[in-house]
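A single chain comes next, written as structure tokens; it is the form predicted on its own.
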Amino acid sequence: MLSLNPQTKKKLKRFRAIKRGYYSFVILCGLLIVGLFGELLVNNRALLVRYQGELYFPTYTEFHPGTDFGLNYSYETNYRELQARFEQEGGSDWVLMPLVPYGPYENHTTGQVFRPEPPSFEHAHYLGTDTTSRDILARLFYGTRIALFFSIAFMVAVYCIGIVIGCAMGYFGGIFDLLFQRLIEIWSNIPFLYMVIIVFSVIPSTFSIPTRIAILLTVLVLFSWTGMTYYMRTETYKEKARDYIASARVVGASNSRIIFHHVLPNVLSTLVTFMPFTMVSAITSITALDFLGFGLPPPTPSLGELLKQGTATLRTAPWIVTAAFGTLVILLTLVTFIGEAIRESFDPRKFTVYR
């Protein structure tokens, strides 16, 4: 069983009392859970197919060629057409499609030319299509999922690097501290945007999309950990000077025990308040880079890429920028509300009395 000390319970109770932040946290957790199983809601593959008395589950299995269902082609089955065919035949075969029966990379137009089309419930394009006739809702859904998980990975990496280096600087001090301060100052003066442009100009296009996303994450982390290091260094300096650290040394506690059992538990409660704002920074950074064309590799769905399309077609297809901008505002608002609630509930000065 996970046991929490009374002080932590009091902070969590305060967090739940801040309804705006608490319900934003619940909604964001719901979005993350839904994102894990997004293929069941937004996908051009069927959830379930019944054909000649047998059941097929195409969503999480290898693709089925059209010949598996009596069609005359060997590439992957178009399940929307298969569903329409079964309904027209009126037999015992049927297809169960997701709520949004389109994939994020699929081009689907009602005419002969790929062009943006307004929202249509008849064709299940609930937010319309983009400039290449890809479903906007599908692109937004998977783009939001990528942004959320990208920001979580970014936050974890930044915290790991910042906590390790910052804690070591604050605890050991001396030459070690001075050396890393000078290195951080030099590293902080390297222009971030130029480095991103240089790195992505030399990355071969043959690299897979996950590899290029990992490279982008690495570049962002390498230029974002310094701020967290300074916070950790300052907090460690403060805790190291307290009496309980001196008492631990007197009784013979090792450096590792002092750091992991005394310093970190008292410092992390303060650093927790920066987590949502670190996620906001990651989401805005990747959106801005996508907008400029130096972010996620195409054709990866992203909010920035949709914003770029929307601004270019603002008069002819306003639904693109409206959907992308609205999604970005809602996402950043939720995370910001969570950050404000955490900062208020974990504020050590809230019940402090100064004499």
Partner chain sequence: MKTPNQILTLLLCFGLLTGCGGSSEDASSQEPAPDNTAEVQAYYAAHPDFFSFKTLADLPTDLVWQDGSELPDIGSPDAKKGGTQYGSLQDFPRTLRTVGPDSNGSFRPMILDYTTLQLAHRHPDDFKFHPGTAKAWAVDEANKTIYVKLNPEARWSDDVPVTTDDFMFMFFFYQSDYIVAPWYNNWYGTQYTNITKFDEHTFSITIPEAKPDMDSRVLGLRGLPQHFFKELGDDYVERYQWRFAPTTGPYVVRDEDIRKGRSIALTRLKDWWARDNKFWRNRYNADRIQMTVIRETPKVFEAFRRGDIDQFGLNLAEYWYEKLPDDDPDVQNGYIHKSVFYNQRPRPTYGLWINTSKPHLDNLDVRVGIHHATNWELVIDRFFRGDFARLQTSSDGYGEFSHPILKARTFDIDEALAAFARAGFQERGPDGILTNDQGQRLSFTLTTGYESLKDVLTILKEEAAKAGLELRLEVLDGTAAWKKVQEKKHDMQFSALSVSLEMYPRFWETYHSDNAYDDAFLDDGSVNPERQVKTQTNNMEMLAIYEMDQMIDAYRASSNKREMIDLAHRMTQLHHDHASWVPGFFQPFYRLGHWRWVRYPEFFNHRHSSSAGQYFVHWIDTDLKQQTRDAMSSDQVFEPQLQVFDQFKSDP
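Residue numbers count along the first chain shown, from 1. It should be emphasised that the depicted structure is a prediction, and the values quoted were computed from it without experimental measurement.
One more form of this protein should be noted, the form predicted together with its partner chain, which is absent from this view; the next part is about it.
Just one of V164, L193, A124, L183 comes within 4.5 Å of its partner chain in the model of the complex, counting any heavy atom, and that one is L193.
A single residue from the set S254, S92, Q112, Q88 has any heavy atom within 4.5 angstroms of its partner chain in the model of the complex; that residue is Q112.
The putative spot formed by S281, S285 and T313 is fully lined by its partner chain in the model of the complex; each residue has a non-hydrogen atom within 4.5 angstroms of it. Taking the partner from the other structure, its partner chain in the model of the complex has a heavy atom within 4.5 Å of a heavy atom of I203.
When contacts are judged by a 4.5 Å heavy atom cut-off, P298 counts as touching its partner chain in the model of the complex. For L292, a non-hydrogen atom is located within 4.5 Å of its partner chain in the model of the complex, even though that partner is not displayed. Remark: F150 does not count among the residues lining its partner chain in the model of the complex, judged by a heavy atom distance of 4.5 Å or less. Of the stretches 142-150, 170-178, 67-75, 236-244, only 67-75 has residues with a heavy atom within 4.5 Å of its partner chain in the model of the complex. Scanning 118-142 for heavy atoms within 4.5 Å of its partner chain in the model of the complex gives T131, T132, R134 in sequence order.
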